[in-house]
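The chain below stands alone and is given as C-alpha cells, in the form predicted alone.
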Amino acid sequence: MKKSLHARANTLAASEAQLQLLENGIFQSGELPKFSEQLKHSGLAPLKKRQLEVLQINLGYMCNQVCAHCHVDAGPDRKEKMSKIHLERCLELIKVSKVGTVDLTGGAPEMHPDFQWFVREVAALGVQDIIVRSNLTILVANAHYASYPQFFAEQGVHVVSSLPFYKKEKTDRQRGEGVFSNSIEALKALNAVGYGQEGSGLQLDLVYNPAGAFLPAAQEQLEQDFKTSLATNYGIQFNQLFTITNLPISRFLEYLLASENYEDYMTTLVDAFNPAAVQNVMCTNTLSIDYQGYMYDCDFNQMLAIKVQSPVQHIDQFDPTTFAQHPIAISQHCYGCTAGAGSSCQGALVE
C-alpha cells in the first residue's frame, strides 16, 4: 500500500490506493467515524449541489516547483496538459453555464502553451472573476514570464498566490531553497503594475498552507501578521489571505505516513469537525475539470479520481440543467474542508 502511494498521484492505481487507505484506515484508537455518518448525525446529509458559480479548470500538472504539500503532485517532470480541443470545450461550457468565476489552476497554469490565448478568450466572454492560481516563482523563472504581471493587469485577472509564510526559513523549507526570495520579487512586480494597491481594482490574494500536521491558525490574525511583515520588511501590499487546510492526499499523505503523523492528523480533523463549515464547502457551487476534460466536485476529488456521481462525467456531454441533480461524492478526506473554521480554495468558511 505505502509503496504504491509514492507513485504519481494522478495515476489510477495511486489514486485508488490513497482512497482505500482513507476509507479503510483503522487506527490504534479504533476506527474513525465515516464522514458520511458524521453528516447524517449532524442533519446535513446528503450533501447537495447548489447553483454552479465556479468553474475550476486544471490546465495541467507541469510546474517549476516540487512543493512538499502539493496535493496535485505537480513538478517539472509532469507533461500532462489540457488539449486545445478541451480548452475550446471549456469555453463552450462557460457560455452555457454563465458562471461568474473561472478558476485556473495547475501545476503552474502559466506554463500551458495556450494560457494567454485562453485567458483572453475567457475575458472576452465577460466572466466577472478570472482567477489564476500562481506559485509566484514562475513569474521570475525566466524572461518568457517577465511580462505576465502586465498581462494579468491588462486582462483584469484576479491573482491568487501561494506563499506559505512571511519568513524565508519556513517558506523555503516547504517549497525549496530560494523560493521565498523569488516570491518576494514576483510580488513586487505585481505591486508595480497595480496589484494589491488601493483603488486599482486589481486583486492580489495570498494563500497560506500549514507547514506540518496541524490546522491553520485563525485566518484574520494571520492576514494581519502577513500584511504587517511584508509591508514593513519588503514594502509589499496585498488584499486578502486565504488559509487552506492540507488535505491527507498525495504528497501530504506521503509526508504524514513517513513522519508517522497520519493517525494523529486524521484524528485532529475528525475531532475538529464543524457542522457550520459544511454549509459553504466549495463542492456545493464548484465544478472541477481535469486536463482530460473529466468532471469532479472539487480538485481534491480530482486527485483521488472520484468523478461526479452522474451518468455524464465529461465536459463533452455537460448539461447545466442536470448539474444540481447529482449528490456530491464524499470520502474521509472531506474532513479536511470541514475542520475548525473550514477550508476552501477561497480560504476559511466560518469566521
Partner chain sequence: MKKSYYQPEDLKKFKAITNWSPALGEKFFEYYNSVFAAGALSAREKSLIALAVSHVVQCPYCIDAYTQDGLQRGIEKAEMMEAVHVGAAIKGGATLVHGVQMMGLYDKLSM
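Positions refer to the first chain, counted from 1. Bear in mind that the values here come from a model prediction, so they are computed numbers and not experimental data.
Form predicted together with the partner chain: not shown, discussed below.
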In the model of the complex, the one of 116, 181, 200, 221 near the partner chain [non-hydrogen atom within 4.5 angstroms] = 221
Which of 92, 271, 177, 77 has a heavy atom within 4.5 Å of the partner chain in the model of the complex?
-> 271
Given that the partner is absent here, state which listed stretch (209 to 217, 94 to 102, 155 to 163, 125 to 133) has heavy atoms within 4.5 Å of the partner chain in the model of the complex.
-> 209 to 217
Does the partner chain come within 4.5 Å of a heavy atom in each of 170, 225 and 267 in the model of the complex?
-> yes
